[in-house]
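As a starting point, one isolated chain is supplied in structure tokens, in the form predicted alone.
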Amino acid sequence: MNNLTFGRYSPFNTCVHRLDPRNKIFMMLLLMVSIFLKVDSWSTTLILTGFIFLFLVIVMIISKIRFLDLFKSLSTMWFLIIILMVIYVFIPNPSYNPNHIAFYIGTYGVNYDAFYQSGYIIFRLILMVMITMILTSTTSPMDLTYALEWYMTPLKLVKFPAHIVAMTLSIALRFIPTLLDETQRIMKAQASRGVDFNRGGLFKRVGAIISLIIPLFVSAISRSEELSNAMEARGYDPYAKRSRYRVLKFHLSDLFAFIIVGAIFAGFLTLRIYDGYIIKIDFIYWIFGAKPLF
């Protein structure tokens, strides 16, 4: 449970932390869209995604985000990675080149393209985790609330409760690490009472999970009630006109960051639109003067 870092805010004073949260959310969406813009050439696609990976690594270093936290988050996804590998390797795909056979399992030929495709999907998944970690680690839950509410401001014209939804999302993000810590505490308490979560038959493991889930639900309900009482005692009214302790402002650094991410997105979009029509770009051929690999 401690391997999950989504929602954990790291209070450092870096240039990434100081960026406007509205700008960070928009740049996150641009990078996510860029990741899913795929060109026909495999070599070009891998180099472009590798460029985004290098960019995110630099941002993580600037933001003082530990790579150990990233590895811990990815270690919890091993089951999903295995499922993806099995789907792409053992399910036939007519788009695979029949001449790219890696090896045979009986009479079934495993194609190299299956490994390329599954590896690319897993790589994109890693990039998504990195982008999400950068956003949640450098943006406080309250700033996320302000940013989400700002984006939902036009919906207030149709009486949409933008502030209530934004506050609910913010509280949910804030309580993810709290509930993970509570789960770990309950697991240790139950283990001290003889409950084994790792061994035993099916019914024994189901019983162990139930002994974990029920106290966790009770604790979550108790914490939510305490939070609601505390907010009510402080006079919180979601329908009242509210002022802001901190007013979000767009600075020159936000413009600079937006230009960089916007340029990356524009480059990816341009390659995706013109790929196979006007210019057929292959970076391997352009850089090394060799024939395209794929």
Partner chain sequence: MAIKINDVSFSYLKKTPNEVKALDHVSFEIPKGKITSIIGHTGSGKSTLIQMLNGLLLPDSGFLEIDDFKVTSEKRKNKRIKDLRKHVSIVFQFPEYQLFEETVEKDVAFGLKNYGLKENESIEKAHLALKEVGLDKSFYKRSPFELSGGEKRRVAIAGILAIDPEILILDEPTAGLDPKGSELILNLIKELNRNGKTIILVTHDMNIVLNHSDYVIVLNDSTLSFKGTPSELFTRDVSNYSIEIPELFKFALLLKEHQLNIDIEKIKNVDDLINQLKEIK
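As the structure is a prediction and not an experimental result, all values here were calculated from the model. Positions refer to the first chain, counted from 1. Rigid core: the largest C-alpha set superposing within 1.5 Å between the two forms.
Not pictured, yet referred to below: the form predicted together with the partner chain.
For the options S73, T132, S118, Q190, the one in contact with the partner chain in the model of the complex, meaning a heavy atom within 4.5 Å, is Q190. Distance criterion of 4.5 Å from any heavy atom to the partner chain in the model of the complex singles out V195 from the list I122, V195, V89, M152. Contact annotation for P161: none of its heavy atoms lies within 4.5 Å of the partner chain in the model of the complex. The partner chain in the model of the complex is not approached by Y274, whose heavy atoms all lie more than 4.5 angstroms from it. Using a 4.5 Å cutoff between non-hydrogen atoms, T168 does not count as a contact of the partner chain in the model of the complex. The partner chain is not shown here, but in the model of the complex it comes within 4.5 Å of a heavy atom of R185. Judged by heavy atoms within 4.5 Å of the partner chain in the model of the complex, the contact stretch among the candidates 110 to 118, 124 to 132, 78 to 86, 211 to 219 is 211 to 219. In the model of the complex, the partner chain lies within 4.5 angstroms of a heavy atom of only one residue of 12 to 31, namely F12. Once you line up the core between this form and the one not shown, the Cα of T153 stays within less than 2 Å of where it was. Shown in the overlay between this form and the one not shown, fitted on the rigid core, is a CA shift at L84 smaller than 2 Å.
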